[in-house]
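This document opens with one chain alone, in structure tokens, the form predicted alone.
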């Protein structure tokens, strides 16, 4: 029996993945396969934090158990295959009270139980588009699923779309949770132990920004999460956890996830709609424009449309990549399209080619005495201070600008990356140069 839940959290606290971990630790059923943390469209206006739905399969299982977590000194394991289904009504009666009791103020939880998965198309629409409650409710009813929507019921969208995920690309995340009495207090985690873990287990990713020693695996929100380590190998993740030093978790659990997959990116779109994320080939049409608040804008042309691309202050030196672009450069830009102002908020870029930029290399020299002339004002030309000879503006010596950018892929530092954005390390790539 498939079980999915979404949107029990809020910006003030709680976490849907913690709720699922508690449900798994206390349920009377076997966990069939790994639980799943499925991130959906990160551009939807009403998301709370990471827009993640949680799903699992329960029943009577068989095969060799595999440890993926701990709770109160007991191992949490999954079994690889289903031997026998359990009654859907019993599953609902057991799990639904958890959802109702943990609904946060302003949240709209969704809870779905089904013997079969929804069509895979609902995952792709959920991660790239915006769906309505009515359409999803009709689909669930037609397939005989049990659904419960609290608040405005919007949570059933995420629950159904998460349940419909069939992984193409997938990663793992080991999430550790704090004792409830510590929620909202400062977390304790040794930075040096995170550095050691990052060095010892290269299959993990997005752990720490080494240049600033800024840890990226531990949130700053008042939620139950102590830390989350992402990686591509289960054995490495379990071993990596043992290296970390600091606050002891009350429960930890490993999830299969679509994080770091770029599944949210739409390619070759015929129409660009806001609140979606795209990969767009563009020609740069301006130098960078600095704005109050530390964000940088570059103007580009995509097909016949002029579009602004933005890199914000949290992306730090990634903004220097944008500053280094010049008119005529060809790029592929990945990012979320905002409605007003119509701007592509950049997640990463691929510089395809850099243009030859002709710039003034100096002031012209006086034809009489050979000394450098001085400018007499913008567009007004140059004058020799000694001979009073005037030289026109267009007679200044010109040459190619030495470019500080070369073709290749560029991404923000670890702490500014989105859950779904695929880091270059998972693509077998690295930046051709760093801006520090």
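Numbering follows the first chain given and starts at 1. All values derive from a computational prediction rather than experimental measurement.
Only in words, not in the display: the form predicted in complex with adenosine-5'-triphosphate (ATP), which the text now covers.
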property	result
Interface stretch in the predicted bound form with adenosine-5'-triphosphate (ATP) - options 51-59, 405-413, 26-34, 378-386, non-hydrogen atom within 4.5 Å	51-59
68, 173 and 241 each touching adenosine-5'-triphosphate (ATP) in the predicted bound form (heavy atom, 4.5 Å)	no
In the predicted bound form, residue 44 touching adenosine-5'-triphosphate (ATP) (heavy atom, 4.5 Å)	yes
Proximity of residue 298 to adenosine-5'-triphosphate (ATP) in the predicted bound form, heavy atoms at 4.5 Å	no
is_contact(residue 157, adenosine-5'-triphosphate (ATP)) in the predicted bound form, heavy atom dist at most 4.5 Å	yes
Contact of residue 326 with adenosine-5'-triphosphate (ATP) in the predicted bound form (heavy atom, 4.5 Å)	no
Answer option from 279, 302, 125, 316, heavy atom within 4.5 Å of adenosine-5'-triphosphate (ATP) in the predicted bound form	125
Residue among 129, 336, 195, 236 with a heavy atom within 4.5 Å of adenosine-5'-triphosphate (ATP) in the predicted bound form	129
